[in-house]
Each structure stands twice: as structure tokens, then as C-alpha cells.
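A lone chain, given as C-alpha cells: the form predicted on its own.
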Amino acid sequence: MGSLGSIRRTFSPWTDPDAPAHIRFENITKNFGDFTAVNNLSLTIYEREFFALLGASGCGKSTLLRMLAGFEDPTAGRILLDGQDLAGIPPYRRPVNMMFQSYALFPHMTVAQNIAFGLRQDRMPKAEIEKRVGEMLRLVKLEGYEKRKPHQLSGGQRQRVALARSVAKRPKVLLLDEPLGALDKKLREETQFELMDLQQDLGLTFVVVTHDQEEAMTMADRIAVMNHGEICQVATPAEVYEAPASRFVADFIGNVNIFDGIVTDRDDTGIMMVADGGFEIQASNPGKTEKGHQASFAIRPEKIRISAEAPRSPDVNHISGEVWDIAYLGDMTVFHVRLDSGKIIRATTINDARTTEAALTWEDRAWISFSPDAGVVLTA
């Protein structure tokens, strides 16, 4: 794990204008009758990147993955892999492999036979198959399980067998369609880090489809947030979370509070806006706003301070309300504060002291406040 952190901190080929594209989607459209699943989409993925396609069901992410795998053909546009147009190349001749959520293991075969299946199809010599299967078992930490059958394994172990089978042929690209959806929460979290380590060890490009934002944020170098067959933003997890490109992205990724209002003043240092109920907000990142125009201010719950007393600050960026709901989650407490306008604000506090006494409780009057640089101004 020591080397993984160093690698992930320095890996950013998308910032280099001369970095060659490993996978390129060029103006891809996919229609199913009258329904457009993918709409004129262009996207570049780089070699050794762990890339996530993130979005709700029906947004087109799995369709995009299936077109890359060769299971679907684009209605329009091209898909290039290392500069080669994949049009007309059948799935079994593409240097990619796909791992499905169901794992699709052969129930009558042992673990070793499942892993070796693709290698036997390629007529690899028996000695080399045995060597490769042994490598894969060590890689996914399943030594000693080679003679078991799928029904004798746990869900996490079956997932590892499917992963080992997918990478045994050493494809250039591994495609993962909701790969951890069948695992329980704790095992899913553990497997996320194992997948990250495995991807670095193998030096492969991973493209994962998921609707789980936490999964994408944990594993991916970059995330493409999709909606209705289009890409809303492509960025690193931190950028998607802290600097969403639109209201949809801000609302889709994590929890967020959004204030809508009118910009009353603007200069190079920021804006002033009046939001719901006359709430005055000062924001230090003006974005593409103009005085007199509508804008939105998005702020994450953890960036909001909540207290029983009014903050000692200028008469902006703080407002009072009634504590409406409280959720104690152990490591943090979530407060829902109902403003006089009726708007519900979500604020979180970290429980860094070992106590069961809360400073605020239901129906208390509470103040929420935040700094001018705590949120982001949105116009889209």
C-alpha cells in the first residue's frame, strides 16, 4: 500500500496535452429504436487509468461499456483503442475483457478450471496455463481454493475468482460492470482497496461502471458523471466533489445544500447574493455570474458550522433555524435545521470527543454559518 499512494498522487496523464489516448470515444451515439441511450458523447481514457462511469440507472453508462466490449455497435461515431478503430472487430478479438456483476462462473467447474477457461480457449500450452492460474490465485489471495466449486465459496471469494478469470488473459483493458454490487457493505469497502492494489500491480486500464458514488470516489483516478446519455463532468474525485460543474453534479455526488438567489453585487473577489427568505450569502468564487442574474450556491454539510449561539461575524453567511431532525452515526452527527423560510439545511459535525451528550437537541434554536470559500457558485 505504501507505493500505491505515491503512484496515485503522481498519476495524472490527462493534464499532459501530449499524453496519447488509450481509449477514445468520438461522437458516440447509440439508439434503441426511438430511445437515445448515448447522445453524441466524446471521452478520452488513458493507459493505466482507473476510470469510473458514474450515474443513475438508465443514464447510458453500461451501454457505453458494452459498446467498448463489442456487445453493442454504435449508431454513430467511433471507438478507438490505441488508435485502432474497433468497428467490425468481434468481442473475442478485442484486447479487452469484461467482468459482470453476476460473475458468470461455471458452476460445474472448479476455481482453477474457471480461471483457466479463457486460456484453454486460446490453446495456451498446459504448463503455461497451470503457471498463469497459480499466478492469478496468488494475486487474488485464493491459494488452496483451486479445487473448490463456486457454490463452496463466499460471495467475496466468487468475486475474486471472476476477477482472476477476467485478468488471466492479460487484456489491455478490464471492464467492470457494477462489480461489487452483490457484496455486503463491509466486504465491498475492503474489495474496493483490493481492486485498486490489483490494478496497480497488473498495470492495466480499468473502466468501471457503477451507480455507487462512494465506490467511484474511492477507486477511480477520474470519474465521468453521466445523465441521460451525456457526460456532465469528467474530473478527479476531489474536483467532482469540491468543484461540481453543474447543479446536477453537485446534487448527485454526496449530500449538498443548494441556495437559489439573485446576485446583488460582483467583483473579482467574489459575489453577494440574496437567497431564500432574504438570506445574504457572500461567496469568494464568483464563477460565471453577473449582477442581477440568478445563481445557486452549493455547500456540503460538513462545511457548515452549527451552534447554539449566533456567530461573531458580519451579517452574512449565517442564519438561524429550528433543529428538525438529528441522526447520530457514531463518527458524526447529522443535523437537519429548518429555516424560517421552511427550507431544510443539512449540517454535519465530527464527533471527535467521547461523549453522549449533545449540545443541541430537537426543537432547539440553532445557528448555521460558513466561510465565503466553503461553497461553490453555480449557474448551470
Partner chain sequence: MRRLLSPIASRFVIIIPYAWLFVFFLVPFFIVLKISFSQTAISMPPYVPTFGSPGQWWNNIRQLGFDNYLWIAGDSLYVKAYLSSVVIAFISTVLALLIGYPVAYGMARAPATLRPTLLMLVILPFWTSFLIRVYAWIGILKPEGLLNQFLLAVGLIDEPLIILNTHAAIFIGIVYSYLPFMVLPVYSTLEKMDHSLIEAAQDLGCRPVSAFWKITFPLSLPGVVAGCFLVFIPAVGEFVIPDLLGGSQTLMIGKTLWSEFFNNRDWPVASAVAIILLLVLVIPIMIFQNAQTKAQEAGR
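Between two forms, the rigid core is defined as the largest C-alpha subset superposing within 1.5 Å. Residue numbers count along the first chain shown, from 1. Note that this is a predicted model, so its numbers are computed, not measured.
The form predicted together with the partner chain is left out here; the points below concern that form.
Single option in K172, H211, K169, R148 placed near the partner chain in the predicted bound form, where near means a heavy atom within 4.5 Å: Filtering the options by heavy-atom distance leaves K169.
The single option of V256, M226, I271, L105 touching the partner chain in the predicted bound form, heavy atom within 4.5 Å: Among V256, M226, I271, L105, a heavy atom within 4.5 Å of the partner chain in the predicted bound form occurs only for L105.
Partner-facing stretch of 297-305, 115-123, 274-282, 238-246, counted where any non-hydrogen atom is within 4.5 angstroms of the partner chain in the predicted bound form: Heavy atoms within 4.5 Å of the partner chain in the predicted bound form occur in 115-123.
Triple contact flag K30, F35 and L64 to the partner chain in the predicted bound form, non-hydrogen atom at 4.5 angstroms: No, none of the three is in contact.
In the predicted bound form, C232 touching the partner chain (heavy atom, 4.5 Å): No - in the predicted bound form, heavy atoms of C232 and the partner chain never come within 4.5 Å of each other.
Partner contact for R93 in the predicted bound form: the partner chain, 4.5 angstroms, heavy atom: Within the cut-off, so yes.
Contact flag, V133 vs the partner chain in the predicted bound form, heavy atom cut 4.5 Å: Result no; V133 lies far from the partner chain in the predicted bound form.
Any non-hydrogen atom of M98 within 4.5 angstroms of the partner chain in the predicted bound form: M98: yes, in contact with the partner chain in the predicted bound form.
Rigid core superposed: K149 CA moves 2 Å or more between this form and the one not shown: Yes, the C-alpha moves 2 Å or more.
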